[in-house]
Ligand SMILES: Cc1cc2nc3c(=O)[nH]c(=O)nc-3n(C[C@H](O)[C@H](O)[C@H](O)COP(=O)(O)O)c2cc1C
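As a starting point, one isolated chain is supplied in structure tokens, in the form predicted on its own.
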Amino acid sequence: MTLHELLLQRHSIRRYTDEPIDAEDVKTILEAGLLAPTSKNARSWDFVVVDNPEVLRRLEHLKPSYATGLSSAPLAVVVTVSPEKSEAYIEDATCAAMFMHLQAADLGLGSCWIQVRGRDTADNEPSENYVRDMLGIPYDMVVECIMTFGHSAETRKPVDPAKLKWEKVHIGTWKSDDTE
């Protein structure tokens, strides 16, 4: 499968089967994160791998909605990053998360990005603090997101390239519909 075909097939998956992920696949996903580019080669990220079902269930409460895939996922990777090591720390973390996301798809696994930074729990506690306290993450690290991984329990159709929003592409200068 080419990268373009993979991009057309890939979707965020929030429901997983009970089937465990092969240890070699876990290693390959983590290796993809470690291979991600970083600003000035700072490697400002660290990852926390979580496979304990009870911890995954508790992590689901990090925000009121859109964290539901955690309780059915056999594996999650918490992507943390140091603002002291790189001024492009958010971009560094994002690249690592996306490399893992794409690697999982290439392995035939589902995955989903769950945003943490800038979110709050139902009790208005910063989601970052909730995750930090649960997993012992130092307070000088930003908790960017949690990536869930597993065998998909849902079927999604590939993206239809004819439905891409080409009007979002501007060549040379910004052109809006009302300036043409």
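All residue numbers are counted from 1 along the displayed sequence. Computed from a predicted structure; not experimentally measured.
Below, we refer to the form predicted in complex with the ligand, which is not included among the displayed structures.
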For this session: Flag residue 17 as yes or no: does it have a non-hydrogen atom within 4.5 angstroms of any non-hydrogen atom of the ligand in the predicted bound form?
Result: no
Exercise. Closest heavy atom of residue 63 to the ligand in the predicted bound form, within 4.5 Å or not?
Worked result: yes
Problem set entry | Contact test in the predicted bound form: residue 115 vs the ligand, heavy atoms, 4.5 Å | yes
For this session: Give a yes/no on whether residue 156 approaches the ligand to within 4.5 Å in the predicted bound form, heavy atoms considered.
Result: yes
For this session: Just one of 48-56, 128-136, 27-35, 63-71 has residues with a heavy atom within 4.5 Å of the ligand in the predicted bound form, so point it out.
Result: 63-71
Exercise. Which residues within 1-35 place at least one heavy atom within 4.5 Å of the ligand in the predicted bound form?
Worked result: 10, 11, 12, 14
